[in-house]
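Given next, in structure tokens, is a single chain: the form predicted on its own.
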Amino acid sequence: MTTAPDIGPVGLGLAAALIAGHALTSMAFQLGLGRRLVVAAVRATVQLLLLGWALERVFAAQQPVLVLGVMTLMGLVAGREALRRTTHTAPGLGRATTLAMLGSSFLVTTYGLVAVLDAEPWWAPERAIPIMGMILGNTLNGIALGLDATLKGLESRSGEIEGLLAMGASPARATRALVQDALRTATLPIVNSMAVVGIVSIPGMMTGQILGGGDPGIAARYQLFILFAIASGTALGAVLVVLSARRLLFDDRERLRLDRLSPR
């Protein structure tokens, strides 16, 4: 197997020229995305180059405290970003979202490193950080979708929920259908993604390993592990954040408190 050629400044500049196609589309159809596209492209460039610079030093240090610190920081940023993608918010929801993100991603990542990969040590940065990043990046979307569906559902179906509460139903019973819909919304994208992988698309991790000269068979097995980890992390994180949101919007007397809900 050959190794992938490096991409130098000139190659990176030529790659950035591909963004021109997106910009031309925005201009032709008057989408008004030109400024956002430029900002997003610049942010992606700066963030990824800084990430590469930082990871070189983290990998060289081989310190578990540093590795766990980086993983925690990633989870905190992901939790904040997930909440930003919702249309509503409520007191305590930021903390609940961050804890759901950290809890699900750390649990699934640790399980994968210890039980699946049998990594030694389990916190080896060249494995722990990339795997955590892939799980976070994908579960973030599911958690955001589930949370947004929950908050919108509590507002739009408040009459139905309060009617059930008046008839003696508990908050859990009154919101059962809403919770089911929110969890379905959160987990459906990864289910759909797994259904077409290998036929319609070659996922990023497998592509990266193959481009780097890795064995396609091993790359496929690693990709399966990542897909299953993402599915598990999404499901666990969605359950945690949906149930937390429901708890925050009911008081001790089991009343629905939409006054705690506010638009972003």
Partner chain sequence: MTRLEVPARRLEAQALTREPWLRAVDLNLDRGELAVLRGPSGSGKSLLLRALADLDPRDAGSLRLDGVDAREVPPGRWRRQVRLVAQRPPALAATVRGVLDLAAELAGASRMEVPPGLAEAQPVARLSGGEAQLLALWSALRGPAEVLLLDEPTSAMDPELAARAEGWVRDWARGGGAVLWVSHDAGLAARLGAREVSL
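These numbers were taken from a predicted model, which means no experiment stands behind them. Residue numbers count along the first chain shown, from 1.
There is also a form predicted in complex with the partner chain; it is not shown, and the following applies to it.
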Practice task
Evaluate Val191 for contact with the partner chain in the predicted complex, applying a 4.5 angstroms cut-off between non-hydrogen atoms, and reply yes or no.
Solution key: no
Exercise for the section: With heavy atoms only and a cut-off of 4.5 Å, decide whether Met167 touches the partner chain in the predicted complex. Expected result: yes
Handout entry: Arg85 within 4.5 Å of the partner chain in the predicted complex, heavy atoms
Key = no
Problem - is_contact(Arg95, the partner chain) in the predicted complex, heavy atom dist at most 4.5 Å - result: no
Fill in the blank from the handout: Checked Arg173, Arg184, Lys152, Arg80 for heavy atoms within 4.5 Å of the partner chain in the predicted complex; positive is Arg173
Completion exercise
Here the chain appears without its partner; judged in the predicted complex, the stretch of 127 to 135, 159 to 167, 68 to 76, 111 to 119 with heavy atoms within 4.5 Å of the partner chain is 159 to 167
